[in-house]
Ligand code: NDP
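Here we start with a single chain on its own, the form predicted on its own, put down as C-alpha coordinates.
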(Lines give C-alpha, C1' and ligand atoms only; values in the text may rest on other atoms or scores of the structure.)
Protein backbone atom coordinates (compact mmCIF):
# COMPACT_ATOMS: atom_id res chain seq x y z
CA UNK A 1 0.00 0.00 0.00
CA UNK A 2 0.97 3.66 -0.34
CA UNK A 3 1.11 6.24 2.41
CA UNK A 4 2.24 9.83 2.93
CA UNK A 5 5.09 9.70 5.43
CA UNK A 6 7.64 11.82 7.22
CA UNK A 7 10.92 11.15 5.43
CA UNK A 8 12.97 13.25 7.83
CA UNK A 9 12.90 16.76 9.24
CA UNK A 10 11.29 19.20 6.76
CA UNK A 11 10.50 16.42 4.29
CA UNK A 12 7.44 14.33 3.43
CA UNK A 13 6.76 11.95 0.57
CA UNK A 14 4.89 8.88 -0.63
CA UNK A 15 6.25 5.50 0.38
CA UNK A 16 5.24 1.86 -0.06
CA UNK A 17 4.61 -0.33 2.97
CA UNK A 18 2.95 -3.69 3.60
CA UNK A 19 -0.73 -3.59 4.52
CA UNK A 20 -0.79 -3.74 8.34
CA UNK A 21 -1.59 -6.99 10.07
CA UNK A 22 -4.06 -6.82 12.95
CA UNK A 23 -4.39 -8.48 16.32
CA UNK A 24 -7.46 -10.28 17.69
CA UNK A 25 -8.98 -7.10 19.16
CA UNK A 26 -8.04 -4.79 16.29
CA UNK A 27 -9.52 -3.56 13.02
CA UNK A 28 -8.10 -2.82 9.59
CA UNK A 29 -9.66 0.25 8.00
CA UNK A 30 -9.44 2.25 4.79
CA UNK A 31 -9.98 6.02 4.88
CA UNK A 32 -13.10 7.66 3.49
CA UNK A 33 -12.16 11.19 4.59
CA UNK A 34 -9.02 12.57 6.21
CA UNK A 35 -7.79 15.96 7.31
CA UNK A 36 -4.23 17.18 7.88
CA UNK A 37 -3.55 18.90 11.18
CA UNK A 38 -1.15 21.54 12.43
CA UNK A 39 0.21 18.76 14.65
CA UNK A 40 1.51 17.07 11.49
CA UNK A 41 3.26 20.34 10.65
CA UNK A 42 4.83 20.54 14.12
CA UNK A 43 6.01 16.95 13.79
CA UNK A 44 7.63 17.33 10.37
CA UNK A 45 8.77 20.93 10.13
CA UNK A 46 9.50 21.69 13.79
CA UNK A 47 10.73 18.27 14.89
CA UNK A 48 8.58 18.44 18.00
CA UNK A 49 8.48 14.66 18.52
CA UNK A 50 11.91 13.90 17.12
CA UNK A 51 12.54 12.14 13.82
CA UNK A 52 9.66 9.89 12.76
CA UNK A 53 11.50 8.68 9.67
CA UNK A 54 9.28 6.58 7.43
CA UNK A 55 6.23 6.88 9.69
CA UNK A 56 2.96 7.48 7.84
CA UNK A 57 1.37 10.73 8.99
CA UNK A 58 -2.18 11.68 9.88
CA UNK A 59 -4.52 11.09 12.81
CA UNK A 60 -7.89 12.47 11.65
CA UNK A 61 -10.10 10.12 9.66
CA UNK A 62 -13.49 8.65 8.93
CA UNK A 63 -13.09 5.17 7.52
CA UNK A 64 -14.65 1.91 6.37
CA UNK A 65 -13.84 -1.23 8.32
CA UNK A 66 -12.12 -3.77 6.08
CA UNK A 67 -11.30 -6.56 8.54
CA UNK A 68 -11.71 -7.21 12.25
CA UNK A 69 -9.97 -9.54 14.67
CA UNK A 70 -11.85 -12.55 16.11
CA UNK A 71 -12.42 -10.87 19.49
CA UNK A 72 -14.05 -7.71 18.07
CA UNK A 73 -17.75 -7.73 19.03
CA UNK A 74 -19.33 -4.50 17.86
CA UNK A 75 -17.91 -3.83 14.40
CA UNK A 76 -17.75 -5.75 11.14
CA UNK A 77 -16.36 -5.24 7.62
CA UNK A 78 -18.28 -2.55 5.75
CA UNK A 79 -19.10 -0.44 8.83
CA UNK A 80 -18.40 3.27 8.46
CA UNK A 81 -16.66 4.63 11.53
CA UNK A 82 -15.12 7.75 13.04
CA UNK A 83 -11.49 7.30 14.11
CA UNK A 84 -10.46 9.22 17.25
CA UNK A 85 -7.03 10.82 17.08
CA UNK A 86 -6.28 9.21 20.46
CA UNK A 87 -6.56 5.41 20.48
CA UNK A 88 -5.15 4.13 23.79
CA UNK A 89 -4.64 0.72 25.31
CA UNK A 90 -7.60 0.67 27.67
CA UNK A 91 -6.37 -2.10 29.98
CA UNK A 92 -3.29 -0.21 31.17
CA UNK A 93 -2.84 1.26 34.65
CA UNK A 94 -2.76 4.90 33.41
CA UNK A 95 -6.09 4.27 31.64
CA UNK A 96 -7.57 2.87 34.84
CA UNK A 97 -6.29 5.95 36.69
CA UNK A 98 -8.25 8.17 34.30
CA UNK A 99 -5.36 9.26 32.06
CA UNK A 100 -5.74 6.99 29.04
CA UNK A 101 -4.00 9.60 26.88
CA UNK A 102 -0.76 8.45 28.51
CA UNK A 103 -1.31 4.69 28.41
CA UNK A 104 2.11 3.16 27.82
CA UNK A 105 3.93 6.40 28.67
CA UNK A 106 3.74 10.16 28.15
CA UNK A 107 1.40 10.93 25.19
CA UNK A 108 1.45 7.24 24.21
CA UNK A 109 -2.31 7.11 23.82
CA UNK A 110 -1.65 9.21 20.74
CA UNK A 111 -0.75 6.28 18.53
CA UNK A 112 -1.30 7.47 14.95
CA UNK A 113 1.74 9.27 13.46
CA UNK A 114 3.46 9.13 16.83
CA UNK A 115 4.18 5.50 17.69
CA UNK A 116 2.50 3.73 14.77
CA UNK A 117 1.63 4.55 11.16
CA UNK A 118 -1.13 7.11 10.80
CA UNK A 119 -4.25 7.38 8.67
CA UNK A 120 -2.68 8.84 5.50
CA UNK A 121 -2.24 5.33 4.15
CA UNK A 122 -4.49 3.27 1.92
CA UNK A 123 -5.08 1.09 4.98
CA UNK A 124 -4.35 1.50 8.68
CA UNK A 125 -4.66 -0.51 11.89
CA UNK A 126 -6.89 0.55 14.79
CA UNK A 127 -5.97 -1.15 18.06
CA UNK A 128 -8.72 -2.32 20.45
CA UNK A 129 -11.45 -1.60 17.93
CA UNK A 130 -14.43 -1.93 20.28
CA UNK A 131 -13.02 0.84 22.47
CA UNK A 132 -11.49 3.02 19.77
CA UNK A 133 -14.01 3.12 16.92
CA UNK A 134 -17.25 5.09 16.88
CA UNK A 135 -20.09 4.45 14.40
CA UNK A 136 -20.71 7.17 11.83
CA UNK A 137 -24.28 8.34 12.59
CA UNK A 138 -26.92 8.39 9.90
CA UNK A 139 -27.26 11.84 8.39
CA UNK A 140 -23.69 12.92 9.24
CA UNK A 141 -21.32 13.01 6.26
CA UNK A 142 -17.70 11.83 6.40
CA UNK A 143 -16.36 15.35 5.67
CA UNK A 144 -18.07 16.83 8.69
CA UNK A 145 -17.50 13.79 10.90
CA UNK A 146 -13.73 13.90 10.42
CA UNK A 147 -13.75 17.10 12.50
CA UNK A 148 -14.81 14.87 15.40
CA UNK A 149 -11.51 13.00 15.24
CA UNK A 150 -9.49 15.85 16.74
CA UNK A 151 -10.69 19.43 16.22
CA UNK A 152 -13.95 19.23 18.16
CA UNK A 153 -12.71 17.06 21.07
CA UNK A 154 -9.49 19.05 21.45
CA UNK A 155 -11.24 22.42 21.48
CA UNK A 156 -13.94 21.14 23.81
CA UNK A 157 -11.28 19.62 26.09
CA UNK A 158 -9.86 23.11 26.47
CA UNK A 159 -13.25 24.35 27.65
CA UNK A 160 -13.78 21.29 29.87
CA UNK A 161 -10.39 21.61 31.58
CA UNK A 162 -11.09 25.31 32.11
CA UNK A 163 -14.32 24.31 33.86
CA UNK A 164 -16.19 27.04 32.02
CA UNK A 165 -19.52 27.79 33.64
CA UNK A 166 -22.60 29.94 33.19
CA UNK A 167 -22.04 33.67 32.91
CA UNK A 168 -18.25 33.57 32.94
CA UNK A 169 -15.85 35.64 30.85
CA UNK A 170 -13.42 33.51 28.85
CA UNK A 171 -10.49 34.39 26.61
CA UNK A 172 -9.52 31.97 23.84
CA UNK A 173 -6.01 32.58 22.53
CA UNK A 174 -5.58 31.24 19.02
CA UNK A 175 -8.63 30.77 16.80
CA UNK A 176 -7.56 28.24 14.25
CA UNK A 177 -9.87 25.21 14.01
CA UNK A 178 -9.09 24.03 17.56
CA UNK A 179 -9.54 27.51 18.99
CA UNK A 180 -12.82 27.91 17.14
CA UNK A 181 -14.04 24.69 18.72
CA UNK A 182 -12.84 26.00 22.09
CA UNK A 183 -15.03 29.05 21.49
CA UNK A 184 -17.95 26.78 20.57
CA UNK A 185 -17.31 24.59 23.62
CA UNK A 186 -17.12 27.56 25.99
CA UNK A 187 -20.33 28.91 24.48
CA UNK A 188 -22.15 25.59 24.93
CA UNK A 189 -20.93 25.43 28.54
CA UNK A 190 -22.55 28.81 29.24
CA UNK A 191 -19.82 31.46 28.96
CA UNK A 192 -21.37 34.90 28.69
CA UNK A 193 -18.46 36.85 27.23
CA UNK A 194 -15.88 35.22 25.00
CA UNK A 195 -12.78 37.03 23.79
CA UNK A 196 -11.37 35.41 20.64
CA UNK A 197 -7.72 36.27 19.98
CA UNK A 198 -6.54 35.95 16.39
CA UNK A 199 -5.72 37.99 13.32
CA UNK A 200 -7.11 36.25 10.24
CA UNK A 201 -10.43 37.68 9.09
CA UNK A 202 -11.97 34.31 8.20
CA UNK A 203 -11.19 32.96 11.67
CA UNK A 204 -12.55 36.08 13.35
CA UNK A 205 -15.84 35.93 11.45
CA UNK A 206 -16.18 32.22 12.19
CA UNK A 207 -15.43 32.84 15.87
CA UNK A 208 -18.39 35.23 15.92
CA UNK A 209 -20.51 32.45 14.42
CA UNK A 210 -19.51 30.10 17.26
CA UNK A 211 -20.27 32.57 20.03
CA UNK A 212 -17.37 35.01 20.41
CA UNK A 213 -18.54 38.37 21.70
CA UNK A 214 -15.25 40.25 21.35
CA UNK A 215 -12.52 39.92 18.71
CA UNK A 216 -8.94 40.75 19.69
CA UNK A 217 -6.30 41.14 16.99
CA UNK A 218 -2.78 40.84 18.40
CA UNK A 219 -1.51 42.90 15.46
CA UNK A 220 -3.41 45.88 16.84
CA UNK A 221 -1.49 46.03 20.11
CA UNK A 222 -0.85 44.22 23.36
CA UNK A 223 -3.43 41.48 23.83
CA UNK A 224 -3.68 41.88 27.60
CA UNK A 225 -4.11 45.64 27.33
CA UNK A 226 -6.85 45.28 24.72
CA UNK A 227 -8.86 42.81 26.82
CA UNK A 228 -8.36 44.73 30.07
CA UNK A 229 -9.51 47.91 28.37
CA UNK A 230 -12.67 46.12 27.21
CA UNK A 231 -13.37 44.77 30.72
CA UNK A 232 -12.45 48.06 32.46
CA UNK A 233 -9.56 46.30 34.19
CA UNK A 234 -11.44 43.23 35.39
CA UNK A 235 -9.67 39.89 34.79
CA UNK A 236 -11.45 37.11 32.94
CA UNK A 237 -12.52 33.93 34.72
CA UNK A 238 -10.83 31.44 32.40
CA UNK A 239 -8.27 31.42 29.59
CA UNK A 240 -8.01 28.71 26.96
CA UNK A 241 -4.76 28.58 24.98
CA UNK A 242 -5.39 26.93 21.61
CA UNK A 243 -2.61 28.48 19.54
CA UNK A 244 0.11 31.07 19.44
CA UNK A 245 3.61 31.11 20.86
CA UNK A 246 4.89 30.42 24.37
CA UNK A 247 4.20 34.09 25.11
CA UNK A 248 0.51 33.15 25.33
CA UNK A 249 1.13 31.76 28.83
CA UNK A 250 2.40 35.13 30.01
CA UNK A 251 -0.70 36.79 28.60
CA UNK A 252 -2.95 34.18 30.19
CA UNK A 253 -1.54 34.58 33.71
CA UNK A 254 -1.96 38.35 33.48
CA UNK A 255 -5.52 38.01 32.16
CA UNK A 256 -7.04 35.46 34.52
CA UNK A 257 -8.46 36.25 37.95
CA UNK A 258 -7.16 34.79 41.20
CA UNK A 259 -8.31 31.15 41.47
CA UNK A 260 -9.05 31.15 37.76
CA UNK A 261 -7.91 28.49 35.32
CA UNK A 262 -5.53 28.59 32.37
CA UNK A 263 -6.25 25.61 30.12
CA UNK A 264 -3.80 24.73 27.35
CA UNK A 265 -4.62 22.47 24.39
CA UNK A 266 -1.99 23.96 22.09
CA UNK A 267 0.69 21.60 20.75
CA UNK A 268 3.85 23.41 21.82
CA UNK A 269 6.13 22.53 18.93
CA UNK A 270 9.04 24.89 19.59
CA UNK A 271 10.87 26.52 22.47
CA UNK A 272 12.32 25.12 25.66
CA UNK A 273 10.63 26.83 28.61
CA UNK A 274 7.31 28.44 29.48
CA UNK A 275 7.70 31.67 31.44
CA UNK A 276 5.33 32.55 34.26
CA UNK A 277 5.81 35.99 35.79
CA UNK A 278 6.28 35.67 39.54
CA UNK A 279 4.23 38.74 40.42
CA UNK A 280 1.44 38.00 37.94
CA UNK A 281 1.18 34.55 39.51
CA UNK A 282 0.72 36.13 42.93
CA UNK A 283 4.19 35.13 44.13
CA UNK A 284 3.12 31.56 43.42
CA UNK A 285 0.10 31.82 45.71
CA UNK A 286 -2.68 33.11 43.46
CA UNK A 287 -4.56 29.79 43.32
CA UNK A 288 -4.46 30.12 39.54
CA UNK A 289 -4.52 26.64 38.08
CA UNK A 290 -2.48 25.93 34.93
CA UNK A 291 -3.46 22.73 33.17
CA UNK A 292 -2.47 21.25 29.82
CA UNK A 293 -4.31 18.28 28.37
CA UNK A 294 -4.29 15.98 25.37
CA UNK A 295 -7.83 15.42 24.08
CA UNK A 296 -9.71 12.39 25.39
CA UNK A 297 -9.82 9.45 23.04
CA UNK A 298 -11.97 6.40 22.59
CA UNK A 299 -15.45 5.56 21.49
CA UNK A 300 -17.67 7.08 24.16
CA UNK A 301 -16.42 10.64 23.74
CA UNK A 302 -16.77 10.55 19.95
CA UNK A 303 -20.27 9.05 20.14
CA UNK A 304 -21.46 11.80 22.46
CA UNK A 305 -19.87 14.55 20.40
CA UNK A 306 -21.32 13.11 17.19
CA UNK A 307 -24.78 13.56 18.72
CA UNK A 308 -24.17 17.32 18.65
CA UNK A 309 -23.84 17.12 14.87
CA UNK A 310 -26.66 14.63 14.44
CA UNK A 311 -29.17 16.75 16.35
CA UNK A 312 -28.06 20.14 15.06
CA UNK A 313 -26.40 21.49 18.20
CA UNK A 314 -23.06 22.02 16.44
CA UNK A 315 -22.29 22.79 12.81
CA UNK A 316 -18.69 22.12 11.77
CA UNK A 317 -19.14 22.92 8.09
CA UNK A 318 -17.77 26.48 8.53
CA UNK A 319 -14.40 24.91 9.43
CA UNK A 320 -14.12 23.16 6.05
CA UNK A 321 -12.74 25.85 3.78
CA UNK A 322 -10.78 23.66 1.35
CA UNK A 323 -12.14 20.39 -0.04
CA UNK A 324 -10.30 17.82 -2.15
CA UNK A 325 -11.40 14.55 -3.73
CA UNK A 326 -8.89 11.76 -4.15
CA UNK A 327 -6.22 10.03 -2.07
CA UNK A 328 -3.42 11.73 -3.98
CA UNK A 329 -4.45 15.19 -2.73
CA UNK A 330 -3.46 14.49 0.87
CA UNK A 331 0.00 15.98 0.35
CA UNK A 332 -1.43 19.17 -1.16
CA UNK A 333 -3.83 19.50 1.76
CA UNK A 334 -0.98 19.00 4.23
CA UNK A 335 1.05 21.76 2.58
CA UNK A 336 -1.93 24.08 2.97
CA UNK A 337 -1.81 23.49 6.73
CA UNK A 338 1.90 24.26 6.67
CA UNK A 339 1.56 27.48 4.64
CA UNK A 340 -1.75 28.65 6.17
CA UNK A 341 -3.14 30.95 3.45
CA UNK A 342 -5.40 33.72 4.71
CA UNK A 343 -8.59 31.94 3.57
CA UNK A 344 -7.79 28.61 5.27
CA UNK A 345 -9.33 27.14 8.36
CA UNK A 346 -9.23 23.42 7.65
CA UNK A 347 -8.79 21.24 4.54
CA UNK A 348 -10.50 17.88 4.10
CA UNK A 349 -9.83 15.13 1.58
CA UNK A 350 -12.54 12.63 0.64
CA UNK A 351 -11.48 9.31 -0.82
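Bear in mind that the values here come from a model prediction, so they are computed numbers and not experimental data. Numbering follows the first chain given and starts at 1.
This protein has a second form, the form predicted in complex with this ligand, left out of what is shown; the following refers to that one.
197 is the sole member of 170, 197, 83, 119 with a non-hydrogen atom within 4.5 Å of this ligand in the predicted bound form.
The listed set 239, 178, 186, 146 contains one residue whose heavy atoms approach this ligand in the predicted bound form to within 4.5 Å, identified as 178.
Annotated contacts: 218, 243 and 251 all touch this ligand in the predicted bound form [non-hydrogen atom within 4.5 angstroms]. Figure note: of the listed segments 266-274, 111-119, 137-145, 67-75, the one touching this ligand in the predicted bound form, with heavy atoms no more than 4.5 Å away, is 266-274. Not displayed here, this ligand is kept clear of residue 255 by more than 4.5 Å at the level of heavy atoms in the predicted bound form. Looking at residue 35, you'd find every heavy atom of it more than 4.5 angstroms from this ligand in the predicted bound form. This ligand is not shown here, but in the predicted bound form it comes within 4.5 Å of a heavy atom of residue 42. With a 4.5 Å cutoff on heavy atoms, residue 17 does not count as touching this ligand in the predicted bound form; it lies far away. If you take 130-162 and check each residue for a heavy atom within 4.5 Å of this ligand in the predicted bound form, you get 150, 151, 154, in sequence order.
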